[in-house]
Structures are given as C-alpha cells and as structure tokens.
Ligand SMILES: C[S@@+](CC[C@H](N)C(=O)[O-])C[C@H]1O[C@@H](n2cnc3c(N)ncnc32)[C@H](O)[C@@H]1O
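So this first bit is one chain, no partners, the form predicted alone, shown in structure tokens.
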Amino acid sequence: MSITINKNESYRMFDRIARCYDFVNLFISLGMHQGWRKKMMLHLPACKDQNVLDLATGTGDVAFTLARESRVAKVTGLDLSTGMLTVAGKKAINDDLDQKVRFIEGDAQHIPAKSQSYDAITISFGIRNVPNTSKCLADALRVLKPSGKMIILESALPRSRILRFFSLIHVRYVLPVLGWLLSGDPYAYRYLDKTIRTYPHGKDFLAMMVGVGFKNTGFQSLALGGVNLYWGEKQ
C-alpha cells in the first residue's frame, strides 16, 4: 500500500515518534549521522560570537553540536513538532546547554525573526519535508546577515546505478520495517522512498539555492552518495 504524506501535516508524524526518534536515528544511520554533523560544523563562518538558527531542529542534536562550537554564542532551534521540541528541551537541561540553546515552535517557511538576524543557518534532513523548498530557502536568506551561510544535510541518490538500486531497496523496504519495529509506528518511515526519489539533489538542489539568491554554493557527497552536504552564502 502506498503512503501519501501531506507535508503541511508531516510534523504530526514526528510528534508521534518523538520519544524514540533519537534511538531510531542512531540505529538506521549506524551512528554515521554524528560524523555528518561534524562535517557541517566545518562550514560555519569564521567569525566569533555567532548567532545560529537550526531549522527543523527536531530533538536538537544539530543545535547541541552547534552550541559546543567555540565560535557560536547562542543557538535557536525551530520546529513545528511540539513533541520533538519537548524532547529537545529536556535534553538541553540534562546537558547543561539550556542557557545557550533555546527552542521555539515555528515554520521554516516563515521564520519568526527580523531580517539579518543570524550568522549561520543549518537544517539537517528537514528541508525535504518542508512544503515549499524555495520559500524556505528565500526566508533563510532574508534572516541571514551579509556574509552569513546556510548549511544543509539532506538525503540523496547515488550517481552509480548499482548503488542507486541498493539505496532505493534500502529506503523502500528495509528502513520502513526497521522504523516500524523500533518506533512502533507502522507509517512513520514509509514515505521515505517517494520523497527521496522525487526530491531534487546535487546540482538540481544547488540551482534552487542559486535561484533564491545564494552565492558561492557547493555540495559534498557523503555515505556513498546517499547523503549530500550543501552550503551557500549571502552577499
């Protein structure tokens, strides 16, 4: 049975799986997501005392990684899922990071901030779930300061036909079953196949960033092409 996901309502799915989200992520990525986050940090601007926004922050792992960077003074994590934000808030207190990181409910397409508020913006495996990618990118550009940078991690399809075949088998059959067994939600991970197959990646995604005004864009393939790291600057 095919699953149709309304991206405007996808945050409700994350509400349902918030309590086990971190465990499932660790399991299905084999822990590699921690290394991907470190690679994101390499692209932060060089300036000190940065004010950083993490969109689709989920349970806050990228926000916490940012908060531990010496260049970063404060972090705001934004998400529509109150369930995920509740988990993130508890983790911030447990890790003594609640003075440096704050979490707010909000839409990545309509960021509740003044123009030129942030030195950097990150989003990890979240922009694919935003209903309008261009609107999200354009509003991120709006709230970035001049010379600010946006850094994005997102799923992709390998260029190799062989690797692409096995990647699609993995997201179509393996991940949904694992997600069901680990989260107890039979539907939470069944939409991945369609969204990954149809979502722009590589140069096509960079074209979207350039289209809204980002400069000095680039990307790096990770996990044998199954994940891409993108970046772009505001001039």
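All residue numbers refer to positions in the sequence shown, first residue = 1. Predicted model, so just to flag it, every value in this text is computed and none were measured.
One more form of this protein, predicted in complex with the named molecule, exists but is not displayed; see below.
- Scanning 171, 56, 67, 209 against the named molecule in the predicted bound form with a 4.5 Å heavy atom cut-off leaves one residue, 56.
- This chain appears without its partner; in the predicted bound form, the one residue of 72, 141, 80, 151 with a heavy atom within 4.5 Å of the named molecule is 80.
- Of the candidate stretches 160 to 168, 95 to 103, 123 to 131, 142 to 150, only 123 to 131 has residues with heavy atoms within 4.5 Å of the named molecule in the predicted bound form.
- Contact with the named molecule in the predicted bound form holds for all three of 14, 25 and 108, each having a heavy atom within 4.5 Å.
- At a distance threshold of 4.5 angstroms between non-hydrogen atoms, residue 214 is out of contact with the named molecule in the predicted bound form.
- Shown alone here, residue 87 lies farther than 4.5 Å from the named molecule in the predicted bound form, counting heavy atoms only.
- Residues in 202 to 216 all lack a heavy atom within 4.5 Å of the named molecule in the predicted bound form.
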